[in-house]
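We begin with a single chain expressed as structure tokens, specifically the form predicted alone.
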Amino acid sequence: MQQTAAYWLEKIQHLELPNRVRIMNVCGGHERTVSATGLRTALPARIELIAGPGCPVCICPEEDIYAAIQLALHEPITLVAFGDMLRVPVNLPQREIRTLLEARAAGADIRAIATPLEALQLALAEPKRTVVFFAAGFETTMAPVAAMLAQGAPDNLLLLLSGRRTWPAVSMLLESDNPGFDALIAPGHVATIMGADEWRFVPERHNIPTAIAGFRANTLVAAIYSVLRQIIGNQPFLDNCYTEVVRPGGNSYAQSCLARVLGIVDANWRGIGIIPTSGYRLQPEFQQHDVQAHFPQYADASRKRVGKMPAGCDCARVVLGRINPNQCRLYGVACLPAQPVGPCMVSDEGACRIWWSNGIRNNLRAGTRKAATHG
């Protein structure tokens, strides 16, 4: 029988904690649970929970979004993407088309989907129509995309691939001069696919306590208790607090699909830069599904020079856990869910959107009263 979140909170209250403990939760789903349950206020004040780089919409390269917009506007295709991607703005003047949603309003055939299967069904239903799937996401999204191609997809289904791997971003932080956290809560959904063992490098190479958690409050608080015990005992290890679905080796079929269909490459993260071995590309066997093989003119390398976060936007620092969302200069002032400036205010997995949705309206840099007028 699993213990409740209240049980683990009570046990945490009795721990002899250091003066300050910084715990990073990698996953946007973890951050939703933390914020929605008020967990930060339920924990002792000396425990700081930090939102990490677990939002694929937030780090999707600006040049990929720009290419998707231009493709949809200028080619006779149907472009499909996960709903959040339609609202992410690129760095263009206000008078120009800056989002996929604006491109749809201008006449482009752009449709929101929830799963890769919807892209496949559309391509099968309209065999004479070129369907471009703008596939952004982490391992849990890339695995079903890979399986879809491995099982056989029609030639009229193309991919604009913007997939990323989670652990290299954490590795980059740990290898920096200032990682910014003392313990790690690893993402249960990624570990379900790739296996718990993928995260062993954190305690074994970097001496950082680590626990894998699911999305319910009880497994998340159990993971927090685990890393606190590891800190107190000075014995970092990897603890799997999501054993009902996470196994040491993960899902072998999903991994075989990923290996067959996708190769691993260095990849750009918006506002952060190139992270080694953090991205995916289609293997040669599946190159006929690569949108760049059919429309190479839309791979505009010049966009990489302007593909950072918009002026004044601190999304990259939020993603890296360097600041809290309400320490961004634009949070709640110029950047709001209805009119997002940066991608972290767009996605339900973005820390800024999560904080705003859960009632945190004070901008610590612009002043509470000014930010509240937009609430």
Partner chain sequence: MCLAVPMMVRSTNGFMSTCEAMGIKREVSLFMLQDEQIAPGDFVLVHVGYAIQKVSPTDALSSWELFDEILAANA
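It should be emphasised that the depicted structure is a prediction, and the values quoted were computed from it without experimental measurement. Numbering follows the first chain given and starts at 1.
If you look for the form predicted in complex with its partner chain, you will not find it shown, but the lines that follow are about it.
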query	finding
Contact of T192 with its partner chain in the model of the complex (heavy atom, 4.5 Å)	yes
Contact test in the model of the complex: I69 vs its partner chain, heavy atoms, 4.5 Å	no
4.5 Å heavy atom contact, P325 to its partner chain in the model of the complex	no
4.5 Å heavy atom contact, G271 to its partner chain in the model of the complex	no
Stretch in contact, per heavy atom within 4.5 angstroms of its partner chain in the model of the complex, of 178 to 186, 204 to 212, 137 to 145, 223 to 231	137 to 145
Site check E126, Y280 and Y298: each within 4.5 Å of its partner chain in the model of the complex by heavy atom	no
The single option of E285, D266, E244, D197 touching its partner chain in the model of the complex, heavy atom within 4.5 Å	E244
Listed residue that, although its partner chain is not shown, lies within 4.5 Å of it in the model of the complex (heavy atoms), from R87, R216, R303, R104	R216
Contacts with its partner chain in the model of the complex, stretch 321 to 348 (heavy atom within 4.5 Å)	none
